[in-house]
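Take a look at this single chain in structure tokens; it is the form predicted alone.
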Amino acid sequence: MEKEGTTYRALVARELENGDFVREIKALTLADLPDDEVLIKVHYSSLNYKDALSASGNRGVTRRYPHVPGIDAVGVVVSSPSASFRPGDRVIASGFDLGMNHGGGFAEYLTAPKEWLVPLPEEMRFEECMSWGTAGFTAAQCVAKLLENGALPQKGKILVTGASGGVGSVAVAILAKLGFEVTAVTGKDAGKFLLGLGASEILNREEFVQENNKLLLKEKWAGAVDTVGGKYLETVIKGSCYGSTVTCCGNAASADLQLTVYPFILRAVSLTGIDSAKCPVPVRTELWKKMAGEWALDQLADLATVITLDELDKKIGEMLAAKVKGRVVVKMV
């Protein structure tokens, strides 16, 4: 493919002279992309909370602007300096620095180092892949960690906080498919949505943290997926059963955690951090195979809203205002 003079469309976030940030669709040039990385024609991307932060000028996510956000994408290799990937290969680009300080998936083309790519499983469609996206991949990591640490349906209920969001909703669906009884915590009017994904009980998030001032709470949860942090994570840990595992993957509520050591030394509760950015490629590859196979979800169509690149700016605003339910998939072609 001749790169010189070839342009493509992308959503670009940039800073104004007064310090405000704006987002706009711009025509960029392929010739400006690195030649030493794999060039990919993007078919789909997805909107994650980290993307919304990057697109609105959050320096904790993205240091330099103008910038093309999008921490995940799926498409077809156009050219490659590496024998690991050849033109025509279907690949998933996600994690590491993609969409953070490296141009991301909110574009018709992107480049990425070969180390950031995994093959798209043969049985998985492009749209299906981004219906999972980084949020779904994070949820899959959480579930895998619970299973690795001995969680079983017969041991009791699994709690999911932020359950109507991207990570939470997919976690609910996977756990329900695996036979777990799932209690979903949400602050949105999403009961019907979550019950449709397989949740057996819905808790309002404000009612959930009523007893948060106690050092320990009644043992209720045989495991948990926490996506929001703060007082919600504190309540989860205090109410977890002996020997259970709590996975932590987000801080939308708060990055602070105020606890005593009692849940850990009296109930042997394990708190496990989940990171999708630096997750090793072999682990990524195996989890994507599970998501395409034994963990494949019939509800993905219900989980995902598909939009175009031109509709993305509005949807970013809705995500920042906590008005987005489930997954948002961005169609490029």
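For every residue, the number given is its place in the sequence shown, counted from 1. Fair warning: this is a prediction, and the values are worked out from it, not measured in the lab.
Another form, the form predicted together with a small molecule, is not on view; read the next lines as being about it.
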{"item": "Contact segment among 213-221, 115-123, 75-83, 180-188, judged by heavy atoms lying within 4.5 Å of the small molecule in the model of the complex", "value": "180-188"}
{"item": "Contacting member of 131, 240, 138, 247, with respect to the small molecule in the model of the complex [4.5 Å, heavy atom]", "value": "138"}
{"item": "One residue of 157, 102, 90, 205 in contact with the small molecule, assessed in the model of the complex (non-hydrogen atom, 4.5 angstroms)", "value": "205"}
{"item": "Distance check, residue 263 to the small molecule in the model of the complex, heavy atom within 4.5 Å", "value": "no"}
{"item": "Contact of residue 251 with the small molecule in the model of the complex (heavy atom, 4.5 Å)", "value": "yes"}
{"item": "Close approach of residue 322 to the small molecule in the model of the complex, 4.5 Å, heavy atom", "value": "yes"}
{"item": "Distance check, residue 94 to the small molecule in the model of the complex, heavy atom within 4.5 Å", "value": "no"}
{"item": "Within 4.5 Å of the small molecule in the model of the complex, all of 163, 166 and 228 (non-hydrogen atom)", "value": "yes"}
